[in-house]
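Just one chain is shown here, as structure tokens, and it is the form predicted alone.
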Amino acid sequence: MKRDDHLRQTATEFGQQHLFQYWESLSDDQRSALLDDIEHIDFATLSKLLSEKVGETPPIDESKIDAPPVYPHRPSDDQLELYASAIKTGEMMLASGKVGAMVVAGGQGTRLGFDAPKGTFPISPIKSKTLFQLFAENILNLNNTFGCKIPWYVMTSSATDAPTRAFFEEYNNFGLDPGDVYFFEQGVMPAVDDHGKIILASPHAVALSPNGHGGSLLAMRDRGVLEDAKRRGVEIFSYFQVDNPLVSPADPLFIGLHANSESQMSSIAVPKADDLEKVGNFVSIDGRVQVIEYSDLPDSLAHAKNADGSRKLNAGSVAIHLINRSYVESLTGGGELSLPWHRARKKVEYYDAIASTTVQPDSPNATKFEMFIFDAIPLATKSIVLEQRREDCFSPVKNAEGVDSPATARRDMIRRAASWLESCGVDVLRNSKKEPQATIEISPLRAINVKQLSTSLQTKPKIKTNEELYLE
């Protein structure tokens, strides 16, 4: 059976035959593009989502929600030996090649006014290094420090895959062995209208969108990542998102705590900036760690306080996780992913046959389906949370201006660099608002923590007001 006949038959079987309504008017190239889109559709899963009303967020029983146990950023006196042992374990696992880095990089820089994959966005305050370059240099540093070759799994999307591969090729993989950089594409789901019909964005294009960061786990199986990792001896994936220039692709303390506690999936948390900050909230429900999205957290819980006046739910999720390869294999066994789907009303462009044009709606007109990576946490037999300081690990680049923008990320990169230098005994002039009065950038090739920076400083630099200091 020809490809078009097979796909037409499948679409008809699931009541989506309208996908071929413009077939006769399409060119050969347009027909091929449409068939490519339709081949990406998991009709059986979509049918289940529509018929069973799967994806609707269940009500929250506030009485069962408590703050989760969290390893503190600074260990207490009785935890010093635990943390020291964890660091040794983490360093051993890195040196023995048991850790792989994985970045979720399917997003475009649209909200930044940047028409390219977000990972190619220049962000460092002096050299304008891109997000991808910063991560690559961090991995190179780890390779040199521990005598290993950390494989880097880069998850793209249909929109970012080709330009991301071209970007890495243009910059020679930023010094990494090309055999250790593995690109794989995320899965997609179609948007549907109020009648459950898949939306066409044009006569030859389906309104497809990524199936959520939780779908990365299924893509790891379908795109050969799990097989590659097993071949290399990788036991743990260090998962992070592409928009965070402060993230460490592989932290020995975090890895060691995860391994020593026999956790299947672990997470980094930061103290929330305010009660209603738009981050996920780590909670404990019936003794299991979970994440509740800010949009689903009742105001009464968001504002809840402990007896001493501190915030009850103060552990914010920053999408930094460690996930065992064996755990991903178990979640994706049998060809399906054991995570719940979430549905959301969104504005989705659609083709108007009467006007013969694609329309951008003014209000939500469609339903999208996504899976969230944090929904794997409560399914794990053991899961831990490690608190880190926000200023050390989290300053995302999401918006063109204001909060979580390039300006705030560069500010925070400078602040962290200044803090590291001060910890090494270097005088950093600050203004009345305690902000550094110089622009400072530390290359990840030079140092990825204070300890490395301290050992690399032969002489303490003199930092002048309004100057640029780049440590390479």
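All residue numbers are counted from 1 along the displayed sequence. Everything quoted here is computed from the prediction, not taken from an experiment.
The protein also exists as the form predicted together with a small molecule; that form is not presented, and the subsequent description refers to it.
Proximity to the small molecule in the predicted bound form, taken as a non-hydrogen atom within 4.5 angstroms, holds for one residue of 326, 79, 358, 108, which is 108. Among 241, 314, 365, 290, the residue placing a heavy atom within 4.5 Å of the small molecule in the predicted bound form is 241. Contact annotation for residue 207: none of its heavy atoms lies within 4.5 Å of the small molecule in the predicted bound form. For the chain shown alone, residue 395 is not a contact residue for the small molecule in the predicted bound form, no non-hydrogen atom being within 4.5 angstroms.
A residue is said to contact a partner when one of its heavy atoms sits within 4.5 Å of a partner heavy atom; residue 213 meets this definition for the small molecule in the predicted bound form. Taking the partner from elsewhere, residue 139 is found to have every heavy atom lying beyond 4.5 Å of the small molecule in the predicted bound form. Looking at 144 to 152, 168 to 176, 260 to 268, 111 to 119, the stretch with residues near the small molecule in the predicted bound form, meaning non-hydrogen atoms within 4.5 angstroms, turns out to be 111 to 119.
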